[in-house]
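To begin, one chain is listed below as structure tokens, in the form predicted alone.
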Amino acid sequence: MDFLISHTHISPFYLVITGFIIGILGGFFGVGGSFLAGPALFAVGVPMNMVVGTDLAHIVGKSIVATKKHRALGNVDLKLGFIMVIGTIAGVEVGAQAIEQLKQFGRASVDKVVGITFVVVLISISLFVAWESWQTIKMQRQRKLDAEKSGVGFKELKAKQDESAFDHIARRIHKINIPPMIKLRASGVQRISVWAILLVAFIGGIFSGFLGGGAGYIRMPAMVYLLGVPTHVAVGTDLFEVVISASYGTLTHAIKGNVDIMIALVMHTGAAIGAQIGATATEYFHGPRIRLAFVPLPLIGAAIVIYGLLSGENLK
């Protein structure tokens, strides 16, 4: 099938299946799926600037479906999500402007710079989350053994199943006293500076505008490790935030000519179904294991981008 806006020929079946897989993963991990959707489009010849904008358009619809499901499960902190939108939108515009500057040097420059940046970011996140999740699981196993010896009840152990080995960092950030300070009841955060939330969202927005997608691969781990939000709530809240920020990102990239809406719509037919399956599946896993299961996905995305760069398919 020929897509006239991006001047590419791609099988609709490939796009639907890709969307379905990304929908499952996005609903489960609370990310837009750009760590796979972007590389998947890049590998079949879509220019990187078009990949960024089209990926944003595709994840809007999928994230709406997944957010609705997570909302029903009680996994969305609306207050946190609305605050993060402000920082994310500012960051998205910065990232999108960076793409525009790169376009002046030609398509090859955009593809190489964005592609290499994508690979470095994805591998770094994967390695860090793998290390942290494994440390947390080992810590929980030791606590379980100690609890069995001391007679601690099941409820006390269950309450700590969503902890992180980096909880001490979140506690330090909660102590930063820069007004206004707020309470995130749905996330169980008693006191945190609005500026800390905005900074995390702004950084995620830059990655979203520059690399495409909702940048949930940055924001979801950041909410857990830096803001101290439980993993299940971070998953649902990130999806809610992505709906708004990705809509803005789609608009700003569409104005700049970086969106092939037909590719996005074809992908969404599969993603809408997959998103519901993924969101439901989160109920059967604890926080550290959700994070550990996330680890291979950025590596797969990085491998696909590397293939596109080395094969030269994207430059045809």
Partner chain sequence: MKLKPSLAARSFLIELIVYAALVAAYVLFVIGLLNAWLHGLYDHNKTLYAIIALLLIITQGVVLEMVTSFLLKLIRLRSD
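Just so we're clear, the structure is a prediction, and the values are computed from it rather than from any experiment. Numbering follows the first chain given and starts at 1.
Separately, the form predicted together with the partner chain exists; it is not shown, and the next lines address it.
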- Query: Does G45 make contact with the partner chain in the predicted bound form, using a 4.5 Å heavy atom cut-off?
  - Reply: no
- Task: May I ask you to state whether A264 is within 4.5 Å of the partner chain in the predicted bound form, using heavy atom distances?
- Result: yes
- Item | Heavy atom of A272 within 4.5 Å of the partner chain in the predicted bound form | yes
- Indicate whether A281 is a 4.5 Å heavy atom neighbour of the partner chain in the predicted bound form. no
- Task: Considering the partner chain in the predicted bound form, find the one stretch among 242 to 250, 81 to 89, 117 to 125, 195 to 203 with heavy atoms no farther than 4.5 Å from it.
- Result: 242 to 250
- Query: Out of 44 to 71, which residues reach within 4.5 Å of the partner chain in the predicted bound form, heavy atoms considered?
  - Reply: M50, A57, H58, V60, G61, I64, V65, K68
